[in-house]
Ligand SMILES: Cc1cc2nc3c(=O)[nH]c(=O)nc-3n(C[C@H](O)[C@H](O)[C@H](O)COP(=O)(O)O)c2cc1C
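Next up is one chain by itself, shown in structure tokens, the form predicted alone.
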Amino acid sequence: MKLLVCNGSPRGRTSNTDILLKPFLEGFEEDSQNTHETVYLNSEDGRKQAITSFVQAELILIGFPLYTDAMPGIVKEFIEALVPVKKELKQFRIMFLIHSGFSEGSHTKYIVRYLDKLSRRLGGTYLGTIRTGGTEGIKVQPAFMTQKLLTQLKIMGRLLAQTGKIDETLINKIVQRERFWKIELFFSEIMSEYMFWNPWLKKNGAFEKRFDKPLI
């Protein structure tokens, strides 16, 4: 079984998306009969190659980070480029991996319905969407903070190879909670006030402008 992987992160090979895809593919390829092809959508050549490969593919995974609660522009451009070749597509199965810098699952929740509908409009069989949050710092986080998530992704890749499906139970575990508890929100606000966002805004002279609405 061959899997086409489309990495839709603007960061390409240095992206957090690549970090998340790696254990999934390791699990998928534990069976030596399984292989994958990865294409990167952050260049015009990459998008052209992805379209060519998509037409021939039977099993597809598209991964990307959320940009303003939706897909990056390069992913949208790729999707639109598939419309003219829709009639050439095989009977493919498709799944998605999306992630967000924000930890709450509510940030990734609503795009799932779009991806489900998109799959059907292209004529494919929708297998599901893996979604997770809090990934912006995954490159610098110590191993004990990322091991559980990366292990779950590896198991999910292994189960895909064995069953041809995405395990819904594992998806729910990876998502964790849709919203923080109140106590977590309280500590998050404290950390933002004294450690993260507000100090950065003040350092860059933007603190007083943080509620501006220039487009209104």
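The numbering used is simple: start at 1 and walk along the sequence shown. Here the structure is a predicted model, which means the values were calculated and not measured.
FYI, the form predicted together with this ligand isn't displayed, but the following is about it.
Within 4.5 Å of this ligand in the predicted bound form, a heavy atom is found for not a single one of 131, 168 and 175. A heavy atom within 4.5 Å of this ligand in the predicted bound form is found for one listed residue only; from 55, 59, 66, 159, this is 66.
In the predicted bound form, residue 11 approaches this ligand with a heavy atom inside 4.5 Å. Taking non-hydrogen atoms only, residue 101 approaches this ligand to within 4.5 angstroms in the predicted bound form. Mapping the unseen interface onto this chain, residue 198 falls outside it, with no heavy atom inside 4.5 Å of this ligand in the predicted bound form. Within 4.5 Å of some heavy atom of this ligand in the predicted bound form lies at least one heavy atom of residue 135. Of the candidate stretches 113-121, 79-87, 140-148, 92-100, only 92-100 contains residues with a heavy atom within 4.5 Å of this ligand in the predicted bound form.
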